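For reference, the chain that follows is the form predicted on its own, supplied as structure tokens.
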């Protein structure tokens, strides 16, 4: 798994590439929570290159969403592939996040 970051307007964009599983969740969690604790409250996670997410990977998204909820913000997810979206749907986590078709639709809101 690889994480890149960029800024779009006042949004921090984290792009996740590869697999988000037990082998990679620590790096992802440290990055996501660290960025939120550093003051980034408008966070977008671009999942266009995410191939797989495990239940432990989902937990990291929940931790990030809970952290942002303290600031009355939601975690924004964009470019979610159909099979990844299905995982969020099956687990009932869909209402916890804001989903967008692409990065532009998030940053222009």
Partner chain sequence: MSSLTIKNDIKELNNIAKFIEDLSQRYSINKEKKFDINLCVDELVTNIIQYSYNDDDKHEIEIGIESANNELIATITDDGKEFNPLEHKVYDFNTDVSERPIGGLGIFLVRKKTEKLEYLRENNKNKLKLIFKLENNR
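Numbering follows the first chain given and starts at 1. Here the structure is a predicted model, which is why all the values come from computation and not from measurement.
The form predicted together with its partner chain exists for this protein as well; it is not shown, and the discussion that follows is about that form.
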property	result
Touches its partner chain in the predicted bound form: residue 17 (any heavy atom, 4.5 Å)	no
Residue contact check: residue 29 to its partner chain in the predicted bound form, 4.5 Å heavy atom	no
Contact of residue 10 with its partner chain in the predicted bound form (heavy atom, 4.5 Å)	no
Any non-hydrogen atom of residue 93 within 4.5 angstroms of its partner chain in the predicted bound form	yes
Members of 1-33 lying within 4.5 angstroms of its partner chain, judged by heavy atom, in the predicted bound form	19, 21, 22, 23
